[in-house]
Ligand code: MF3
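In the block that follows, a single chain appears as structure tokens, in the form predicted on its own.
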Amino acid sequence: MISIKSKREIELMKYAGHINYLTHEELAKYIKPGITTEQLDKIAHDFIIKHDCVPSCLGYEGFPKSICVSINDEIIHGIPGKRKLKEHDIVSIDFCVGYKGYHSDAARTYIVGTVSKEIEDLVKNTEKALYEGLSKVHSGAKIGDVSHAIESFAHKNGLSVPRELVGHGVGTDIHEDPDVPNYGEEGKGLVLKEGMTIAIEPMFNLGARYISMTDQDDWVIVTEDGLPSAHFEHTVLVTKDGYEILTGE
């Protein structure tokens, strides 16, 4: 069921979103060769708790950590552990923050040291695609308008879109209706309404769009061809004339 959030609910989500943003800012200080993904998880976990929130991913459908840390060809759901970041890696960090029963969801892909221009462009264009999608958000727009803008930007820049992975509604649950695909047709799909809160999250592959799952606890999804993938996400509020980013500053 799709919910329209009240003013009180929106305020709670704004706080959850602000702490999500601040946690990403904190993590960015530590993204460098040699740090383990488990250390990043602890930094995020402690920071979220310190700000009277909860790491919503921890225990969600059995997920064992507070954040998802996905490296290079890992698209989503990388499980933090002893693995160390290395020079020339890209690392996507995705997590949810809960406050008084309401959640926010945001992801960023970070470059570790330096990478090739091809991979740098993958990261930059995935982030730009997020804002291409956001530019179509307003009350009365169709989800297909958002989806088409993201997909068109990917293809214009020679990138592919894994179709099995989509954005979603956010609120009292991490994943609510409606789905927000990163591909679609303009003028098609559900009508966005003022007060809806959705997570828009482009995931682009440098190679083909096809994905597979590793044997790591049935969580980690990777590119089938082993080429890198990038991921950016914001939780936003649909407004009458546009949108408000809840996971921004």
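As the structure is a prediction and not an experimental result, all values here were calculated from the model. A residue's number is simply how far along the shown sequence it sits, counting from 1.
One more form of this protein exists, namely the form predicted together with this ligand; it is left out here, but the text below deals with it.
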| property | result |
| --- | --- |
| Contact at Val54, Tyr102 and Glu176 by this ligand in the model of the complex, all three, heavy atom at most 4.5 Å | no |
| Proximity to this ligand in the model of the complex (heavy atom, within 4.5 Å), stretch among 150 to 158, 109 to 117, 168 to 176, 137 to 145 | 168 to 176 |
| Heavy atom within 4.5 Å of this ligand in the model of the complex - the one residue of Cys68, Ile211, Leu206, Met196 that qualifies | Cys68 |
| In the model of the complex, Cys96 touching this ligand (heavy atom, 4.5 Å) | yes |
| Residue contact check: Glu201 to this ligand in the model of the complex, 4.5 Å heavy atom | yes |
| Contact test in the model of the complex: Tyr183 vs this ligand, heavy atoms, 4.5 Å | no |
| Sequence-ordered list of residues in 219 to 249 near this ligand in the model of the complex, where near means a heavy atom within 4.5 Å | Trp219, Glu233 |
